[in-house]
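In the block that follows, a single chain appears as structure tokens, in the form predicted alone.
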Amino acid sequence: MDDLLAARLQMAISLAFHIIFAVIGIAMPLMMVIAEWFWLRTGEEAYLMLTKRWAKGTAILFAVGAVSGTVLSFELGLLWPNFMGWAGSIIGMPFSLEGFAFFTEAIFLGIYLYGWQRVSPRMHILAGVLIALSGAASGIFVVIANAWMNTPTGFRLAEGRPVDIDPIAAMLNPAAFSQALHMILAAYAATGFAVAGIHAFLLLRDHRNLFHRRALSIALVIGGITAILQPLSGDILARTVARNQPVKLAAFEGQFRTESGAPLRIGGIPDVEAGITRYALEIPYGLSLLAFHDPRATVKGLDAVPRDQWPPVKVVHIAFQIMVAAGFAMMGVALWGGWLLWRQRAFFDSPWFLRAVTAATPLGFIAIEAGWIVTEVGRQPWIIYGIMRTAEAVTPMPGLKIPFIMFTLLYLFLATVVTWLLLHQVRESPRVVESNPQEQPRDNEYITT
């Protein structure tokens, strides 16, 4: 394993691990605040218990996310010094703003966790709102920095170096809005479905538990609405990619030839040597229509650039298909839930629907991991698209295998700890049931009227 491969693998593992906690940190506070709002409106004990449980879970995941995020910041400087030296003055602003948002989230999370009975209910829920907003802002600023790597703006090249730097223009790069929108919706959809799936599974075993019913309702509404909106944001992002990164579009669609009226391919396996995508279901004119809203539009293929500028086509295409399949599966479950509501049936009254939600638990995170493979691997061989190759940015320091092993072991340890803590949280979930004069409460059970 050479040093470039070791650096890329280490960064990939770090990002794949951290992104889970990042998206939960974006979405979980919103669900926590909604549960508290329902408690203040209704006075129902189940909502208060739910708020406090979700707050504890948010704190656990925030702490681990802070550790993994700190490791990532070190890795940027240690593994990619040439990139940071070249681009630091351009994308330093979104990273600085992300740090400000992170500290804001940490401050108000402390107030939220320890402010019960110490601040007014209005101030307490306001602290929760600020956690949710700062968590979303933190994610947006990081995605803006990544979007700049895909569509670099805000500077002028002079003898290979950036001059006339405009950090605001860099933040407002062509991919910033579409990537940020797609990522934020993905965070809410993935977290909503993950939380809903856990409570749907528990409802299949304990149908009367109001604690799980309330949790499922909140999580599924958030996850379902954003899952339905996600294809729209995907369409916006795909058109941005088509205009600014045609080679990436060609890779994830398996489009080897430049052609007018290009078909949309569903599935298939790219054969790079033959220059075709085998076994794909092709929809005539579909790609031209989706990418340019014109069925006769010309779509650039991989043949538009030299072979040494192609990304790993098979990896990108398969990851893209996995992302789309997972996203549409979530949207299907969400539409099923909407149909149940339209028929005036509760989510938890359909065992088959609960099983479907349970099965969809990991789909959001699978889609996110696959989507970041599409984004990052699809940009290769560039770290800054069209300007700096990844091989030019890596550290010249030898022996990267050792930190690769050490950091991987650290992530495995953190994953084990988090899994144990969250399983403990789930096992200790309270049982809240409607009052029944013939039933006595058991341990860890609450009766509501």
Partner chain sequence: MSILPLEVILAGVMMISLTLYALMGGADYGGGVWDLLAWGPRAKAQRELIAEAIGPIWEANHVWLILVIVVLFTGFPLAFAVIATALHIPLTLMLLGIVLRGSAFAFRTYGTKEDRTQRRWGRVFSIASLVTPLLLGTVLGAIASGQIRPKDRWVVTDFVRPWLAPFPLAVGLFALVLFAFLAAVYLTLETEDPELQEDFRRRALASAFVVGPVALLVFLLSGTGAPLIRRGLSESWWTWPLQLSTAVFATGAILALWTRRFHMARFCAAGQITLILWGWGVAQFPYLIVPDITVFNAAAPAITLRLLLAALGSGALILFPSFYYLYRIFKGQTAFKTLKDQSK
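Keep in mind it's a predicted model, so treat the numbers as computed, not measured. Residue numbers count along the first chain shown, from 1.
What follows is about the form predicted in complex with the partner chain, which we do not show.
Judged against the partner chain in the model of the complex with a 4.5 angstroms heavy atom cut-off, the residues Trp336, Trp342 and Ala346 are out of contact without exception. Between the partner chain and the residues Ser350, Thr298, Gln309, Ser89, the one pair within 4.5 Å by heavy atoms in the model of the complex involves Ser89. In terms of contact with the partner chain in the model of the complex, the residue from Ile283, Ile276, Leu232, Leu78 that brings a heavy atom within 4.5 Å is Leu78.
Taking non-hydrogen atoms only, Thr42 never approaches the partner chain to within 4.5 angstroms in the model of the complex. Taking the partner from elsewhere, Ile387 is found to have every heavy atom lying beyond 4.5 Å of the partner chain in the model of the complex. Contact annotation: Arg156 falls outside 4.5 Å of the partner chain in the model of the complex, judged by heavy atom distances. Taking non-hydrogen atoms only, Ile60 approaches the partner chain to within 4.5 angstroms in the model of the complex. Heavy atoms within 4.5 Å of the partner chain in the model of the complex map, among the stretches 264 to 272, 69 to 77, 196 to 204, 301 to 309, onto 69 to 77 alone.
Along 77 to 114, these residues reach a heavy atom to within 4.5 Å of the partner chain in the model of the complex: Gly77, Leu78, Leu79, Pro81, Asn82, Met84, Gly85, Trp86, Gly88, Ser89, Gly92, Met93, Phe95, Ser96, Leu97, Gly99, Phe100, Phe102, Phe103, Ala106, Ile107, Phe108, Leu109, Gly110, Ile111, Leu113, Tyr114.
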